[in-house]
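In what follows, one protein chain appears twice in different forms, each by itself as structure tokens: structure 1 and structure 2.
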Structure 1
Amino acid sequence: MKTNRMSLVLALLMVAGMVLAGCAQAPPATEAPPATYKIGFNSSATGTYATLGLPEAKTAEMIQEQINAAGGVVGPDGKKHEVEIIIYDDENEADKTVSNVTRLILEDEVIVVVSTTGSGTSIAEIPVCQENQTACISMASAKPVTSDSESGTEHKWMFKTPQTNGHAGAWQAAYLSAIGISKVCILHTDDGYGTDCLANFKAQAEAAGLEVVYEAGYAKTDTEFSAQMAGVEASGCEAVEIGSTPPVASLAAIAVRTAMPDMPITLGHGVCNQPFIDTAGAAAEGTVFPCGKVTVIDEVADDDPQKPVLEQYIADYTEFTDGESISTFGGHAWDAVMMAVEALSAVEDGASLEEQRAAVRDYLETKIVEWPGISGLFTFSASDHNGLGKDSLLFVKVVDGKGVAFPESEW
């Protein structure tokens, strides 16, 4: 009896399955509509980098809306193609990053990927992008995201949009030597961003003839810096560079100000969002750091080629998020996604996925020239998958709780 009932159920299931399968087969269309192009997007909207990753995800959502309101991108066939941006969150966990990017490339079959927020996690995704020959545009600043640390060459399929810590280090070193400093101390977070700051600042500082007399790290969650302050004081340095993101950057700046009120402080461009000034208060006064232009829009010259793009993005983002504050990180996402969208115009409808992906990559490497974005004027090349120069950053000094332009002439 039992077996009978079982087989009946099985048979029913099979019939149901077949019916469903039949339904799933769409009737043959008379003329296929233009294919929808897919962009994969992955950021750390939650987790330790949520302050960075969330505005990035929101920017991607905003662009998705804008493009499709405009009817999509025009391909070489002259037709408008809808663009679908598939958005994932990796919680700043390397495993999740690799899973998400793998899923985007192999399952969702996107043409190009924008991923991800953190440097460490971006480095983790390199093998996936390289092996599957899909361009990945990262929103992280560390150099090893795009270049191989052994050979120094660029990874073929990796690009990134933020200004690097090398650019920031060049500003900081130039400033410090201009004001007559000879010995500096470096404090940095013990993570990918902090150690990248350390390496780049050190290289630039030594090239500018500065002597790094003390370097010390701390955890992202630390609140107590007396050990570092004792080291700074005892080392006799004349300026302190802090390579961190808020909130710990604010606490470190406060600690320096408390122990040594007159010590000049430079910071990296990781502090270019309002939380730094909000959480550091008076300690932020007088600190100097290079910033992406989007955070200091009032200070950007009117003839700057980025100015229209910047103003448009700020207006759009403010409207889309009901007035959330602008951060440089959303800007990194805007650059990455917009570049990807633009590169889709080189994609042949009907070409194989491999060809489409290769077309996007080649477009990025060769056609992104003097491209005005939020983070700077991009010029990608085979030997430079970041495409930005030192002038993509604006040197800023905090005066009365606000970052104002601090050009070389005023040093």
Structure 2
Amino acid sequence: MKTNRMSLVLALLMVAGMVLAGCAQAPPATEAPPATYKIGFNSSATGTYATLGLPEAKTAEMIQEQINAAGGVVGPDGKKHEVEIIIYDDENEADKTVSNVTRLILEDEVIVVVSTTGSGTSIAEIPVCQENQTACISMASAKPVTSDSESGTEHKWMFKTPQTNGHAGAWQAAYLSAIGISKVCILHTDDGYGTDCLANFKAQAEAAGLEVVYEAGYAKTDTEFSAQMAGVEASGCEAVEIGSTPPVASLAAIAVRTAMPDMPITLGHGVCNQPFIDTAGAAAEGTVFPCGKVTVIDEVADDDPQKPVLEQYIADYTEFTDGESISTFGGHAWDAVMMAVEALSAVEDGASLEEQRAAVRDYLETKIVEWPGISGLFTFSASDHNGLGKDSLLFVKVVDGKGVAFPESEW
């Protein structure tokens, strides 16, 4: 009897030991890491718009590195989520833009897209963003990127960060009127940016009492402008407006200066970078154009709400790129990516991808109010998916190979 009890005790002890051993060996339960937030990014880092798109891509890379070094983005769940920015290059080709944005939305399953550099390519992506109900934030200036030309209403899923060509045209027309110009010529690329420059500058010039006596287009890859120069000389115009981006904007300026050395030249804000000046060389001297405040930071008042953001971006980008010059185009990317990052705070954990995308879109439209960015103080609304005014630009003149502030008091 005693032996049987001892056997039973030993058996129970063995079972208990096995249970305890099993418990000790079982891995402790761990909480799943917070979901990664994915942002799609597409710019023209190569091709004819490379001087614009490459700073944009580098800015996106910089922001991703900064955010993840800080542990990620805090979501509505109070946890930090890593951010993955998936970056593609469309080479400023519309078909590649459409392909890249489609891939980002359908295959990479990003929550929001920042795309793209050019106006024409941004317009090409509108159906993809609209049909897939994904917010796309463009870095291009043409108003049709966000606004339907027939109804005048904003495309529900399209936003953009650069100032419009209408804002730029208002500056150009005001300047030409102030210096006594009455007849102007317009030269422009036949792409989305150039044709939008033509329409907006022409409207602003005529509203200011200026007569547009000649207008001519050319391809963004053109290098020869003899026909356009003959037209300018025959027209009797007193100033030339160039609606193009580098490098062709530089070549057009050289052509004008070679044929008519004393002709005043104005350009749009698509030339707000050092490569325009470097490529044009002496022909850039004395040219004037509106630019974002980041290019003339010394002229920005200390109490301007943009000032701290501008100074931080300049410092960060300069360090990240080992001293590359600042342009407004990288600033357009900073605004777009940081708006997207902030809007991720509306993404509820466990929500479907469709719900996450809708939450980001609604956040952009309703919560970006007096938001200090690189391009200006943004206020989005249902009727305005750009949120900027003429005062987000300053006038610049090229002096000794650099763009310097050129305020109205000096006109």
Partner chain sequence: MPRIPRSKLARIAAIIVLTVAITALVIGLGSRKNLQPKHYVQLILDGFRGGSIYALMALGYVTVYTVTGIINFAQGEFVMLGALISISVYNMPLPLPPAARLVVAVGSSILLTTLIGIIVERVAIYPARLSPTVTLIIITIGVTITLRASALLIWGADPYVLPAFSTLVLEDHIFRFGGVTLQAQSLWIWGTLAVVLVLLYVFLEHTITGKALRACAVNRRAAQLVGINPSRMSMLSFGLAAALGAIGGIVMGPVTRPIYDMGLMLGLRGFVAAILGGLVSAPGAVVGGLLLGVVENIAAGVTNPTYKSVVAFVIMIGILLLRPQGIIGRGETGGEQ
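Here, residue number means position along structure 1's sequence, counting from 1. Just so it is clear, the structure is predicted and the values come from calculations on it, not from any experiment. For clarity, a rigid core is taken as the largest C-alpha set superposing within 1.5 Å between two forms.
Asker: Eyeball the pair and call it: which is the form predicted alone?
Answerer: Looking at both copies of the chain, structure 2 is the one that matches the description.
Asker: I'd like to know, for the two rigid parts the chain moves as between structure 1 and structure 2, whether residue 181 shares its part with residue 119.
Answerer: Taking the motion between structure 1 and structure 2 as two rigid parts, residue 119 does not share its part with residue 181.
Asker: Work out from C-alpha fits how many degrees the smaller rigid part twists against the larger between structure 1 and structure 2, would you?
Answerer: Angle of the smaller part against the larger: 11 degrees.
Asker: Would you look up how far the C-alpha of residue 284 moves between structure 1 and structure 2 when the rigid core is overlaid, in angstrom?
Answerer: Here the C-alpha difference is 3.9 Å.
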